[in-house]
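Alright, two takes on the same chain below, each alone as structure tokens: structure 1 and structure 2.
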Structure 1
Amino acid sequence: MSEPGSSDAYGETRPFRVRSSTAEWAAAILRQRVTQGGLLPGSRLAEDELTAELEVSRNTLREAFSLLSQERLLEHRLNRGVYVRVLSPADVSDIYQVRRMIEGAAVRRSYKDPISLTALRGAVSDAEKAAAEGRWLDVGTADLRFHQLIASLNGSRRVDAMMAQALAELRLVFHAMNPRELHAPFLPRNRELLTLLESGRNAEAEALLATYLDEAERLLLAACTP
């Protein structure tokens, strides 16, 4: 077993078991796999394999499953097991409603933490580099980090947690589209949005964000509507 905090075959960096239960630690690993695209919507989670891999008891793993079910990332199907959720169009619309409230409030704030702006620059650069190398799943991961960092401009840990959950759910919908077709149109907009935030042009940033989210929602709704 890889030590917590190290990389493993999934290419993930496992969270350290600090100030959390073993179930929370296991949930954090599975949550990360969902967010990074390692667990696909509709896939079944095999208890025997995961208990062996993570070296946890079956009860601990089931507690982790319960935590992620409360976050709407997993679902228990009677007599069939635990599966990664497949989101409905209504789920997508609800997530975007949350995003508009959280990210809209963040870009309107007059004060922008310089450390957060530096992190935003890093996320944009990472996405552009991954795109240039054809790593479109990594582009999606960097894009989610970019929007999580925008939410962090609100300066609230509770808001950060709400946004993290919404974005983890959103990653489940990304698989409904070709990743290049989904992310390529938004790369230059991320750069433009960053420039507006850095220069304090908050009204323009808010207007750009609004059209950005509207278009992204339309694309994903079209992809996941039967």
Structure 2
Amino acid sequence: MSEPGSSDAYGETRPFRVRSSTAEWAAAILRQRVTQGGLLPGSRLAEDELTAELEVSRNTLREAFSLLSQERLLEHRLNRGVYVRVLSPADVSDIYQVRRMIEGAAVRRSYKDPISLTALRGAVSDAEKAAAEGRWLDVGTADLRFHQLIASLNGSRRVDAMMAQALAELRLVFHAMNPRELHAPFLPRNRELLTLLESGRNAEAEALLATYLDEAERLLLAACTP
């Protein structure tokens, strides 16, 4: 039995939350649409439409908007409505700066933790298997999971949250790209990075990661500057 409200790997106690509020439920639906490409960047989210479709009141919907705006997935323009966020090239660079910081620090302090390494191996294997079978969307999912796990080497719940948000923002751009050419170039390097971490060669891992992220940033910048 997994007790809600119990302590976890970080030693913090989570607030009891078996069921969530209606606003969080609505936010979850919209979040999924945004991060999975159902709602494209720049789209306007009209209150009337969504209150009718989700069958929630305007106030509740606006609370959901507020949640997603703080996650930077939506953009709230006063008196003008809510839009799916459009990432500028500067945003992409900023996000990659965040990734360099988080993942760089993670790799540097990596210490061959068996549990973390097992999880990382699983993510890399899943990605490779999905790639072999041509399931490129699943490759993307596993790739993001791999990097989220890298971030978690920092051993901080807040850093995990920052990384999750950064990756969620990046998904806004991912949908403008072919998932194959987005993830394929980086698959072997995930494996290589894992190997370096397994043998404790953190400095080499850090260097590999740096070039990795620089290249990924260039790829995305090219995609979002037409």
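Everything numeric in this text was worked out from a predicted model, so none of it was measured. Rigid core: the largest C-alpha set superposing within 1.5 Å between the two forms. Start at 1 and count along the sequence of structure 1; that gives the residue numbers used here.
J.: Do you reckon the form predicted together with the DNA is 1 or 2?
T.: Answer 2, the form predicted together with the DNA.
J.: Need one number: degrees of rotation of the smaller rigid part relative to the larger between structures 1 and 2.
T.: The smaller domain rotates by 23 degrees relative to the larger one between structures 1 and 2.
J.: With both forms put on the same core, how far apart in Å are the CA positions of Glu49 between structures 1 and 2?
T.: C-alpha shift for Glu49: 8.3 Å.
J.: By how many angstrom is the CA atom of Arg58 displaced between structures 1 and 2 after fitting on the core?
T.: Taking the core as reference, the C-alpha of Arg58 is shifted 5.2 Å.
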